[in-house]
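Single chain ahead, written as structure tokens, the form predicted on its own.
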């Protein structure tokens, strides 16, 4: 759920201004001569990706930031939230928003010299939709006519290609949807809609270890659980040409280790400052400290297939939500760097509206205890919250559990997994014992991305097995609207309906809290919370 194609992090006009309150980038505290080395390498504190590096099989941060360096898709969006063209020359719908015609900019190449054509997109999407290929983002093609034939609810593919995809000529193809969707161009921002070269489909296992893309950086090496290296590609046709020589994505197993290296200038930037350093990082880094809003939300989601939550009365989940003192935890654990969430959609996207969760996201220990009791309680009077231990989650999970136990008497404990890879694998295998930490970053700046793509029945982002007929009907109605604004308003109604079914417990809206070393300048994070890697400049040593 990441993107880093824009030179600036973005905001949606008229919604929420995203600002940087302390964004370093000057060279006053630089090492060396102060001159820029255009071939200098930027090091980024990352982790081991969950899966092979395939666009349609990447749904987590560690793999996503690498994929976005290697690939450029059809479209992106500007700071006003308007669609901008990347590899596409145009993406236009018919009057019913049902048939979309895509025209590509001619002359684009993959890193291996193969031309990027309409067939590069159509073949990649059809391959990824086939369940035999095990791509976890396959449901993103569900809107396209013929998806059910290629990816039936059960069993093998009946056909090898979606009938709604047609190659018109070398640089043109059409997408026919089951029904009109006014904001469909926004969906094309996301990774499953990237192109792949022909070699990727012939030997996907080999390709996943050494991917060939069409983006600003070219794959160099992958030393598993240590580092992924990419080099700036001189043949790149996009506007975001790298101002550095490449990126070293260094794998860390703890955020504290990454922070220590950042403070010592042994890594150039990192995604998140550890909770234990939030009170100190601005003092440690001065004008190299970074604090920016971005469009993401933290929740804890029930695994509705688990023994704990299967057939549970929604009152219990509503009670657990009211048992959490979000404001106090934000002030203490997060040193005032988080804002309590009042709904399921992140700030800064079109259609965001505060208050969808209503009273259930407000701390009320007395009512919380009564709701849990009225709902029949929790089996065994105990719940756990699964999280990945390689990022700073232990502190807030402990605080949330303590608040739940104190308010309701339900025993709550953390269930740490070694790293994000292990955490997501447990979710994918549907082995979560009770609840799990969920953090969702926008794929595109529209409220439906945080609703239908997360809580729709059977969609890839729905790891907890939530299913609600009323919600599905409301999102379907929103997708059928004639305009983007009408669709966003209908999605607001779908969000409000979730207070009666509670697919997850909203906690906080996120901020990017980071810093950069003395080795680099121009470090800015975008609306998805990713560094704009191509803009970072490295000082000569």
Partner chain sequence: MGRYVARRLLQMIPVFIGTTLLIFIMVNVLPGDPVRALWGDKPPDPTQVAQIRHDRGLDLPLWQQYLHYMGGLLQGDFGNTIAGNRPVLDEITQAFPVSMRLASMAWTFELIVGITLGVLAGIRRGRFVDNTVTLFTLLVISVPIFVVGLLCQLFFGNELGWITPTVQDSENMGQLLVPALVLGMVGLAYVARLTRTSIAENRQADYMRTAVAKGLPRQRIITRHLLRNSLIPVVTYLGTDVGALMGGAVITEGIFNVTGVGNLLFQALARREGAVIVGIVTVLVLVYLVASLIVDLLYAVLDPRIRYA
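Everything numeric in this text was worked out from a predicted model, so none of it was measured. Residue numbers count along the first chain shown, from 1. Note that the rigid core is defined as the largest set of C-alphas that superpose within 1.5 Å between two forms.
From this point on, the text means the form predicted together with the partner chain, which you will not see here.
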{"property": "Interface segment, criterion being heavy atoms within 4.5 Å of the partner chain in the model of the complex, picked from 346-354, 365-373, 216-224, 316-324", "result": "216-224"}
{"property": "All of 82, 291 and 524 with a heavy atom within 4.5 Å of the partner chain in the model of the complex", "result": "no"}
{"property": "In the model of the complex, residue 136 touching the partner chain (heavy atom, 4.5 Å)", "result": "yes"}
{"property": "Residue 152, heavy atom within 4.5 angstroms of the partner chain in the model of the complex", "result": "yes"}
{"property": "Exercise: residue 238 in contact with the partner chain in the model of the complex, heavy atom 4.5 Å", "result": "no"}
{"property": "Exercise: residue 443 in contact with the partner chain in the model of the complex, heavy atom 4.5 Å", "result": "yes"}
{"property": "Position in contact with the partner chain when the complex is considered in the model of the complex, options 393, 187, 338, 463, heavy atoms within 4.5 Å", "result": "463"}
{"property": "Among the candidates 401, 88, 251, 144, the residue which, in the model of the complex, approaches the partner chain to within 4.5 Å (heavy atoms)", "result": "251"}
{"property": "Members of 245-268 lying within 4.5 angstroms of the partner chain, judged by heavy atom, in the model of the complex", "result": "250, 251, 252, 253, 254, 257, 260, 261, 263, 264, 266"}
{"property": "Exceeds or equals 2 Å, Cα of residue 161 between the shown form and the other one, core fit", "result": "no"}
{"property": "Post core alignment: residue 288 C-alpha displaced by 2 Å or more between the shown form and the other one", "result": "no"}
